[in-house]
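Coming up is one lone chain in structure tokens, specifically the form predicted on its own.
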């Protein structure tokens, strides 16, 4: 589904990512670990096509097509969706209107209500998008929009950030539905790439492969739970030692 080869990315002329290689097949969920400022969000933004992030080398192939140079809306139509770590407040736009826009041709009142019910957002649907929302409400709002879009590839930037222990289970349920976890892997069409700092989301969402990103490079790949335990017990410095 997604094949990234030798990808380098710059922001305002400064190199952030260097020679990234990463492959995600349909039905797979991968997880990206790393300290703040290491380039994780830059990778997701580059895949999504934010114009601030300039691809200086390499390719991003999605479903057989090199999407480097395509604008965000075209990538979304191809089937890429993203949940931001810190989504903006959008005054003047109701949450229900945004969900309706994501559903596109199927934006009936009944469908929107069903989406909101899954995310426990019924009472917030008539409020302006993210305005006055708690951290958990913002994350659920992002996920209900993604569920409405139904992308083939979901990019999730710290979905557990700012979420309390009560809400994280619901966040996990929504992600599992988004990634079609109720089906055997051979029957799934959707894939996912999740950034996590704490690893808490792994208690609710199974992932196949984990990566560690340091200084804009992927320096480790393996079982996500083993990687997380190493980070917890020895920190990212252990990953640096491994590289050396």
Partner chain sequence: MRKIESSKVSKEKARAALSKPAPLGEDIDLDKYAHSADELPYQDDPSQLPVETREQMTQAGVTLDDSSQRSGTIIQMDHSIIHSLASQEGIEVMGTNQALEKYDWLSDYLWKAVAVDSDKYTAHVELNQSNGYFIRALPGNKTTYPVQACLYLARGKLAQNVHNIIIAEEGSELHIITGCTTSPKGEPGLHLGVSEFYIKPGAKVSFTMIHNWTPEIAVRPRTGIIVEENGLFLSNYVIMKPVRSLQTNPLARCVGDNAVVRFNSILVAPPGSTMDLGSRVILDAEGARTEIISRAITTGGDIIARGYIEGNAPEVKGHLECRGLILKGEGIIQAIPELKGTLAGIDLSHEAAVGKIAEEEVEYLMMRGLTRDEATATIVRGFLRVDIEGLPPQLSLELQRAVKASEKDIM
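The model shown is predicted, which means the values in this text are computed figures rather than measured ones. Positions refer to the first chain, counted from 1.
Heads up, the form predicted together with the partner chain isn't pictured, but that's what we're talking about next.
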- Would the partner chain in the predicted complex be within 4.5 angstroms of a non-hydrogen atom of every residue among 137, 172 and 201? no
- Query: Which listed residue (112, 124, 154, 102) meets the criterion of a heavy atom within 4.5 Å of the partner chain in the predicted complex?
  - Reply: 102
- The stretch from 35-43, 187-195, 209-217, 65-73 that lies within 4.5 Å of the partner chain in the predicted complex, judged by heavy atoms, is 65-73
- Partner contact for residue 82 in the predicted complex: the partner chain, 4.5 angstroms, heavy atom: yes
- Is there a heavy atom of residue 97 no more than 4.5 Å from a heavy atom of the partner chain in the predicted complex? yes
- Answer with yes or no whether residue 48 is in contact with the partner chain in the predicted complex, where contact means some heavy atom within 4.5 Å. yes
- Message: Since only the chain is shown here, I'm wondering whether residue 88 would be in contact with the partner chain in the predicted complex (any heavy atom pair within 4.5 Å).
- Response: yes
- Query: If we check the partner chain in the predicted complex, which of the residues in 118-147 reach within 4.5 angstroms of it by a non-hydrogen atom?
  - Reply: 129, 130, 142, 145, 146
